[in-house]
Structures are given as structure tokens and as C-alpha cells.
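So this first bit is one chain, no partners, the form predicted alone, shown in C-alpha cells.
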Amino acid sequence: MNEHAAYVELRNINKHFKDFHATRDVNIAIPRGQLAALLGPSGSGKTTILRMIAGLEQPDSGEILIGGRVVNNVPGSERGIGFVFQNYALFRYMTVFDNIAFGLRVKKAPETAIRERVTELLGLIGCSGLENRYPSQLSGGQRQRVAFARALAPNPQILLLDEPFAAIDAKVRLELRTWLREMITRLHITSIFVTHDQDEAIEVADEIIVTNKGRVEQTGSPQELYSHPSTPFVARFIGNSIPVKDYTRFRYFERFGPQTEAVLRPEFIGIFKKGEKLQYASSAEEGVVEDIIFRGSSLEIRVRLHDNLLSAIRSVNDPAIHVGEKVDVFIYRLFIIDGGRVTLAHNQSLKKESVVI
């Protein structure tokens, strides 16, 4: 099979729960070996999509294909799928070894093969030596790794993960993101995970599928979605987006239609002390700092400009800025939303010099 051909495909999938339309004409195509994220707010349909792929829910209409075969009527146990649940779903009364071996024993694999496979997976997940422990004796990160190994034990063709890091503290979550990415790349297994955390999706996924109100808003690489949102929802949802009142009050921006609105992101904005060297000083506008939030290696500066509270990032190594201080604000670019279209508009003063910012 062509590596770039769709291995998991959903065609015009609809699903209702009584009067609630959970998915609306969903079309998805995921190539073999790719790690895809279903990203969206609560109630957007992402978990329903995952459960239908797994065979835990049935679509009302449309087709689900795996490896080119329609599987709507194929039981989940015969779809070649491994599933990692949000709450681990490990058996508390079983050891780590027996948890990982569970699927293999259901398939009646020989005990020698089971021991060999479990030992291999314990090494893969970095938990060798923990096989005789029980889930209650493991950390949250270790439990999630064991759940991952249990899903992989029967050699599935697809790995599905439902909010896999939701029950883990922030520091361990960051470590597991990197670990998961490395494991899936090494195993080259087609994987789909559900998340509402865009940082998680951007860091881990090859491709992100953004869902909203049961529909797929946009599909693309993390960089593509971040830099080129194709719908107003994606422009507002991805990144630390700041809605703007009357963007026409900002200097040196082209005017679009009368019903347009704008969205800014912190990286679109430069904050400078009065007298600080600024290439486009004549195009800057005066704002007042209302808040400063320490972010470790950077500062988030919140500044009031034309009745808008904007956020920008400034290095901790730059000259100090204080609350109440008047500063120069330069807006490099913004997203213009005109009906269903999104346009990236640049400050016109940038065209006067061939400088990349």
C-alpha cells in the first residue's frame, strides 16, 4: 500500500445521540504510520469520532474504512485496534505483567510468546523491573506507560488514545509527550489521539484535525494550522488569540469590508520602551501597560491600546517595563475575519523596507 494513501478513512460520517447531532458529515483521511490529533473544545465531536473508529459506537450514516476495507459492521475486536483510555483502565488486582499480557491471553497466545512480548514491551516503555508491581504502586506516568504497552501487546495496526495525558500532572505530561512521539515514530504505527490541549497537539502530532460542533473545521500540519487558519473558528481557537474591537483604528493596515473583525496573537505585537531602538518607530502607537506576567524565560506584557487589552511577549533580558508605563506598540500583522474567510494582513509600513520580521 502507498505510504501516503489513507489507511484510516471516514466518509460523510453522521452520528446522533437522540436530538444531539454529535458529528456532521465528517470526512477524515489518515495515512499509514501517521500520528494525528483530534483537537477541539468539549462537545466538538472528537471523542465520538475516536469511539466510532474503535467500534465502540456505530455511525448513523457514512463509511469507516481501515486499510481500504469498510469496517462499519466489523466488531471492534476484529479491527486491529489498540485503545488507551484517559483513566488508564488498568486492572487493579493484576500485576504490571498481567495487565500487559491481558490481550494476548484473550487471544490464547502461548505463554512463552506472552513472556517474550511483555518483556520486550517493558523495555520499550522503560519499566523493566516493575512487572510484579500493581497499578497502585506506580506513578501516574508509569501507569500511562503500562496502559500504552497493554494496548500495543497484540500488535495492533492502529493505536487510539483518548486524552492520554489528562490525568497526569503538568511536568510528567510534558515528558510523556516527547516519549509518546518517539515511541510512535519508532514503531511506525498509525495513531490517533484526542485532546483539547492545543500545545499538546502542536508538539506531538504530524497532523491536526480541528473539530467544532461536530464538523471538521480544518486539517493540516501544526505549522499550517497555526500560520494559515482557513476558518474563523480555527483563527480564534489556535494560538493565544486576542479578538480586537475596530481594527481600523490601528495605523497602516488595509481596510477590508464593513463587517470585518480582527484577531491578534502575542507574536504579532512588539512592545518597546520609550526611546528604545525601534526600526518602525514612526509607525508605532502609544499604549499603557496594565499588567506584567512572569513566564520564566519571558514576560507577558498586557497593554491597553485603542480600548483593546493586548498581550505581547518580551524577553526577561530586555530593559524592564513597569505597570502604568507608556510604551510604543507596533503591530506587525493580524488576521482579518470577513464572513467565513480569514486573511493575514501585514502592517503596510513593513513594505517600505525589505526586512523579514
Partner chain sequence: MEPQTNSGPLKWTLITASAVFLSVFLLLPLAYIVATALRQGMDAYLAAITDKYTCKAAWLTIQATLWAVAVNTVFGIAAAWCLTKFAFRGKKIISTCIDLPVTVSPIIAGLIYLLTFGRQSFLYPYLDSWNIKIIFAVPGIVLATIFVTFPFISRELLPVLTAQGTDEEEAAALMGAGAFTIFRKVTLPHIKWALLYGVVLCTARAMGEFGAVSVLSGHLWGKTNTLPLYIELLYQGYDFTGAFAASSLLVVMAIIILALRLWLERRGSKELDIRK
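Residue numbers count along the first chain shown, from 1. These numbers come from a predicted model, not from an experiment.
Just so it is clear, the following notes concern the form predicted together with the partner chain, a form of the same protein that is not shown.
- When the partner chain is considered in the predicted complex, only one residue from Ala262, Met183, Ile81, Val234 comes within 4.5 Å through any heavy atom, namely Ile81.
- Interface residue among Leu122, Ala205, Leu159, Leu90 relative to the partner chain in the predicted complex, by the heavy atom within 4.5 Å criterion: Leu90.
- Using a 4.5 angstroms heavy atom cutoff to the partner chain in the predicted complex, all of Ala54, Gly103 and Arg150 count as contacting.
- Among residues of the shown chain, Ala167 is not one whose heavy atoms approach the partner chain to within 4.5 Å in the predicted complex.
- The partner chain in the predicted complex comes within 4.5 Å of a heavy atom belonging to Met94.
- The closest non-hydrogen atom of Ser77 lies within 4.5 Å of the partner chain in the predicted complex.
- Using a 4.5 angstroms threshold between heavy atoms, Lys107 counts as touching the partner chain in the predicted complex.
- Exactly one of the stretches 268-276, 212-220, 94-102, 240-248 approaches the partner chain in the predicted complex with heavy atoms within 4.5 Å, and it is 94-102.
- With contact defined as any non-hydrogen atom lying within 4.5 angstroms of the partner chain in the predicted complex, the contacting residues in 120-148 are Tyr134, Ser136, Gln137, given in sequence order.
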